[in-house]
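Starting off, we have a lone chain in the form predicted alone, written out as structure tokens.
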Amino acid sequence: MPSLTLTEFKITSTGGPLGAVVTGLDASQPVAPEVILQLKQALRDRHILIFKEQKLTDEQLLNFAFYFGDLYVPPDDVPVLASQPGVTPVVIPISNLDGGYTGTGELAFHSDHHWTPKPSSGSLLYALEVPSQGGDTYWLNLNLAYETLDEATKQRIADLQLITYNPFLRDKNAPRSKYRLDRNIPLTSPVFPHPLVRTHPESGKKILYLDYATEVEVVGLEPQEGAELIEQLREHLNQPRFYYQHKWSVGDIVYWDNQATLHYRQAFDPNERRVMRRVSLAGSRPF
């Protein structure tokens, strides 16, 4: 690697509750080992990394992503975004153009692949075209959300398991539910309970492992009690002090820790183009 890149390479906090901006690094070129290790440490500390002014092909994006882990591959019987029978694209087009995914509407705070047996560890999202306004992404610090709970709530949820139901298998015509209240409705897919309080596999930090809108169920609690607890926790999550708002620029890559954050997208004008590429990295069974 040219020494120029090393001398100009910087990691700077966003000043918010999470996030760091990385400058002086060309992700299309080989990256020095000491730089990769600094980036991994910064991700553990700050949960998201924002790489500015990048220009990459899909292959270069993949090669850069693989410094941080293997490709996320979902089980064949557990669909995720962009899944087709027997295959999920390696680089997923996140765009409002034909062949792209996620459209133009608001996307509630969520972590990717939460309903799978081994959710992804993180994703890299690369901006090729951005709208003039709207389409911002917010990331939420789930460790901070956990640490700011009162002690009684921490004790109450310490050993609870949460089932997150697969949104890609729900009946699109059925009314949306944030909690599975009717246990008489047969399950449409396998379910994978995960700890409601997750331990980060690298930092050891405690994470409130709950998204904002997907249908869930707390194992072992009566439906009404479980629904009230989840509503209380989601109300706690919904605080600006936990999140960072990112206004995209062309050439941005944001790499986020999917084990420690939620993300949300603002709606944007369907007449404008928003074109991005996403690569997701393999994770482990939550504990």
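We number the residues from 1 along the sequence you see. Keep in mind that this is a model prediction, so the values were computed, not measured.
Same protein, other form: the form predicted together with a small molecule, not shown, and the subject of what follows.
Of the heavy atoms in residue 90, none are within 4.5 Å of the small molecule in the model of the complex. The shortest heavy atom separation between residue 255 and the small molecule in the model of the complex exceeds 4.5 Å. Interface membership of residue 160, defined by any non-hydrogen atom within 4.5 Å of the small molecule in the model of the complex, is ruled out. Looking at residue 107, you'd find a heavy atom of it within 4.5 angstroms of the small molecule in the model of the complex. 94 is the sole member of 197, 94, 80, 216 with a non-hydrogen atom within 4.5 Å of the small molecule in the model of the complex. The single contact residue among 166, 121, 203, 137, judged by any heavy atom lying within 4.5 Å of the small molecule in the model of the complex, is 137. Partner contact region in the model of the complex: 258-266, out of 51-59, 237-245, 258-266, 37-45, criterion any non-hydrogen atom within 4.5 Å of the small molecule.
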